[in-house]
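Okay, so here's just one chain, in structure tokens, the form predicted alone.
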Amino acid sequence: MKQVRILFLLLFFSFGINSYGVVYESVYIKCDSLTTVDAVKLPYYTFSPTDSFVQQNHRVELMVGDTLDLWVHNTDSIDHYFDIQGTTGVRDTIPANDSIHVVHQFTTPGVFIYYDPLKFPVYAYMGLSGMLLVKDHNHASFYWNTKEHDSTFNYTLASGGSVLWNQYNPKYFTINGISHPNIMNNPVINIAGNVGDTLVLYISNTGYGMRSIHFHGYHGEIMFSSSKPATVGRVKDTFPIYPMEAVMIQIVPDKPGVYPVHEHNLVAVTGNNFYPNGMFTLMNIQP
């Protein structure tokens, strides 16, 4: 029988807890392969929603005031760690083939990256970094967990070797584990709505490189930044997002049209040097 290590971050019977919901979730640390846009397989980890590997980390969603009741299961043969950015007292060790129980109430809206900080950035880069969203609205929402991948790094790290991060040269760029053209029919990624709608895009940069997300046709307002709160309220069409930073952007379209949304660093719009097999999608606004 697995030894269960229980981490109580907030007592269920604390003041006000019964006024909100409890969201029950489980994630499983799984090791398998990321299949790239040109069918190359890279050693990769994810926090999968079941005991079967999936290429995209599980997305956890709550409303402000909700309590997260989360089991994290380590199915790997080595120890891992677990942490949620922006929280205190969460980090804990998960022994091989064991589990931890995390209970935490979220009282402010935002985008939080949950990840494995072991040998950082090794396991976060290798895939163990997902999105946890705390909402205070019911607007149409879209979700981007962005990463980039240097295949030589994946193979080296998976075999227990070390890499020189200053020689990082990624060739693959993904949103939620996939690249263009596979993202073009994905309703979670592709922003769609009507003129005057309030549309909210949640973005996490869980890669090692910088993001610069550019919108054609529209401007957005920064509603949340995990690392640069002074930028909240800025309205612009290009959004720099640093490694392990998460942001929330609100867009209210003023005209109909179909416009590109892409990474401004043009190498990130390629996959193994082929355009546009990277971070490229469309925003579709109807009258």
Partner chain sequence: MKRQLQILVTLIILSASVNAQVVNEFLVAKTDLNPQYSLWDGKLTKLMGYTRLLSAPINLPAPTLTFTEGDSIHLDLRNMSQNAPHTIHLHGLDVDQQNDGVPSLSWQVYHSQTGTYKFQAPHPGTYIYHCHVTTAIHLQGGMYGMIIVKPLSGNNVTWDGGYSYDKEYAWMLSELDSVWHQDSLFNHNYDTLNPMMPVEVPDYNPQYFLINGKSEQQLSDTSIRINAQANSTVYLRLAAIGYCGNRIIFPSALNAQVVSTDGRPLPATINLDTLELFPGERYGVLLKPTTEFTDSILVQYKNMNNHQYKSTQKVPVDIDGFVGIEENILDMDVQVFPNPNNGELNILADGFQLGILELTILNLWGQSIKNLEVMKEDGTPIPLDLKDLNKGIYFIKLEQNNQSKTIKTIIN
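It should be emphasised that the depicted structure is a prediction, and the values quoted were computed from it without experimental measurement. Residue numbers count along the first chain shown, from 1.
Note that the form predicted in complex with its partner chain isn't included here; everything after this is about it.
Asks: Answer yes or no: in the model of the complex, does its partner chain come within 4.5 Å of a heavy atom in every one of S33, H58 and V64?
Replies: Checking in the model of the complex: none of S33, H58 and V64 is within 4.5 Å of its partner chain.
Asks: Select from the listed residues F120, Y155, W71, Y208 the one whose heavy atoms reach within 4.5 Å of its partner chain in the model of the complex.
Replies: The option sitting close enough to the partner is Y208.
Asks: Does any heavy atom of T50 come within 4.5 Å of a heavy atom of its partner chain in the model of the complex?
Replies: No, T50 sits far enough from its partner chain in the model of the complex that none of its heavy atoms falls within 4.5 Å.
Asks: If we define contact as a non-hydrogen atom of the residue within 4.5 angstroms of the partner, is F173 a contact of its partner chain in the model of the complex?
Replies: It does: once its partner chain is placed as it appears in the model of the complex, F173 has a heavy atom within 4.5 Å of it.
Asks: Residue-level question: is G217 within 4.5 Å of its partner chain in the model of the complex, judged on heavy atoms?
Replies: It does: once its partner chain is placed as it appears in the model of the complex, G217 has a heavy atom within 4.5 Å of it.
Asks: Answer with yes or no whether P229 is in contact with its partner chain in the model of the complex, where contact means some heavy atom within 4.5 Å.
Replies: No, P229 is distant from the partner.
Asks: Would you give me the residues of 257-287 that have any heavy atom within 4.5 Å of its partner chain in the model of the complex, in order from first to last?
Replies: Counting only heavy atoms within 4.5 Å of its partner chain in the model of the complex, the contacting residues of 257-287 are G257, V258, Y259, P260, H262, H264, N265, L266, V267, T270, N273, F274, Y275, P276, N277, F280, L282.
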